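Taking the form predicted on its own, here's one chain by itself in structure tokens.
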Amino acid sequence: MVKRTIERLEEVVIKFAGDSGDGMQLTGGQFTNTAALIGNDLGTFPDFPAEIRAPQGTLAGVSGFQLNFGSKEIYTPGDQCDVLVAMNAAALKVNLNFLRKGGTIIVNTAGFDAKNLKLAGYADNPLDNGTLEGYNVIRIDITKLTREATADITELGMKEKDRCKNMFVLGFLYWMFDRPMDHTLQMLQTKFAKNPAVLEANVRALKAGYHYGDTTETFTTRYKVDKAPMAPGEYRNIMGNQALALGLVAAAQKSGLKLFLGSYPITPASDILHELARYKNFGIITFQAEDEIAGICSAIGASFGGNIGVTTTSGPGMALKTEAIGLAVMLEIPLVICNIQRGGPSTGLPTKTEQADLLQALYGRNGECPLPVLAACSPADCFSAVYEAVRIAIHHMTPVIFLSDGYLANGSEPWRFPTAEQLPDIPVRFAEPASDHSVFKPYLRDERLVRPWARPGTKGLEHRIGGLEKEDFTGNISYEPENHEHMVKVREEKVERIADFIPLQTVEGPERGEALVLGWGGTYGAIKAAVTQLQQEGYRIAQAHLRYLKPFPRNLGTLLLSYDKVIVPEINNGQLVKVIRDKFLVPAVGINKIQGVPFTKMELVQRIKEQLG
């Protein structure tokens, strides 16, 4: 009897990699859900190929899923992997540089035959030529063992059986890291309830992988990662696009309004449409339009009709929606435009992440066309941030741009979801006819410079709409020069006054010091991890992360002047840093990365140190 030992680890990073048809996203997602149920904190980074179906075995077709889970607070998906699962030679070649020296590689030896080696560009087999010296290599013929486990399921052909090999890998890793199979078994029962043969094959493969680790005497060590200390409450694992959809549903329920989504499918925003379509029982209406322009125009119509109008897209779609956004600004109606950013320009890198649409969100329209801009900082934060976008849109009668990105949209983390009572109110007030039967003035403003929201069909509230310039108060068409300048300045001032109704900017760290690391969007986790390490090394450094990008919080300028340096990391060529320099005349410096992948902790630590000198 082989003696087994249990080694406790504080944090583990696993990367699942294989062909886009190998089910690596499903495998990583199931391991993630199990880790979340156990109580680990975690961060994930799915990495999809851009091609819809690249040739099998090629470098372009490699799909990856990185997961960092631990018994401590996790801020990022991890810098380097501790464990790499490589289902074929191409997966190894693409990801070997991301594995720490001494790490573990689990290889499917069937994916290293002559054909796969040639497709991956290997002259000889890296399993045998010393390439993997210094790594702990676990060789398993996963394909063969999966076929053996499913051999007597005669209803399935060999291709269908081979699709189960990801479950074999998952079962083996469940054994290796002392994880239960229960959650995945339940998922399989639900997913394949109408296909008993496929269900049986996947269950057998999962259990075969688990028992392979348990019965093979080669493996003498298992690893255990304990629960992370988390605030008490109910948690679920959530992806950014899921959180965004739920935030919109919650805002509709809290406001008492119907929500209409007019959208055209585009990566990486499409999942929001799919997710919201599941909530028809909450009065959510989803419309897959024929193009981007139709999507936003239908949402504008919904908002004009007294509903919450929403449209979702990515950078290329934002370009197409530009004229309609200007119409919504001229109409001054509540509308939420969700831009899930990706690499650009043009089609660019459709499955890779980037933060390069900030200047487009702030300035990318014809004429003087101001509107609020908000950004989420983590997958779970997409819920709160988009809820706030809806609140501002309704409270201030304005379109709002909400920014997320591919990293947040497809990444996941544990989320302690709130109760309805914990969510801020979203009061709604529609215009009513005047008691003295006076003529309705659609652009008569209150102290916030907000005009009334008049539902069409309400007797006594008839008024003109459209994109032509409005006369102040009456809303009639006006070409008067002084009126146009006045309305331009009023629309800008209305947006700037929103700063009186949002929280002041906070910092994490000392209120004065050597540097303030200022970020926005999906860079939060990497900045947090880097700043925490630098603080532990004795640097007097702080972090501030912006949710509100227009208008900025009222105290931001004062905060920036409290530090010797302002450093702005961004996944673009330097956009927020330009705005900060222009707005506050602060000599901020940028740290930029434009590679379609997020910052790692250690590269930020190094580059911040370079700036500090």
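Everything numeric in this text was worked out from a predicted model, so none of it was measured. The first residue of the sequence shown is number 1, and the count goes up from there.
Omitted from view is the form predicted in complex with a further copy of the same chain, to which the following refers.
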message: in the predicted bound form, does every one of 320, 575 and 586 come within 4.5 Å of a further copy of the same chain, counting any heavy atom?
response: yes
statement: In this chain shown alone, the residue from 533, 360, 104, 143 with a heavy atom within 4.5 Å of a further copy of the same chain in the predicted bound form is 360
task: Taking 4.5 Å between heavy atoms as the contact cutoff, choose which of 208, 488, 153, 507 touches a further copy of the same chain in the predicted bound form.
output: 488
Residue stretch of 127-135, 511-519, 72-80, 462-470 approaching a further copy of the same chain in the predicted bound form, non-hydrogen atom distance within 4.5 Å: 462-470
- prompt: Is residue 482 close enough to a further copy of the same chain in the predicted bound form to count, meaning some heavy atom within 4.5 Å?
  reply: yes
- prompt: Wondering, does residue 525 line up within 4.5 Å of a further copy of the same chain in the predicted bound form on heavy atoms?
  reply: no
task: Considering only heavy atoms, tell me if residue 315 and a further copy of the same chain come within 4.5 Å of each other in the predicted bound form.
output: yes
task: Decide whether residue 564 counts as a contact residue for a further copy of the same chain in the predicted bound form under a heavy atom distance cut-off of 4.5 Å.
output: no
statement: Looking in the predicted bound form, the residues of 359-379 with a heavy atom no more than 4.5 Å from a further copy of the same chain, listed in order, are 359, 360, 363, 364, 365, 366, 367, 368, 369
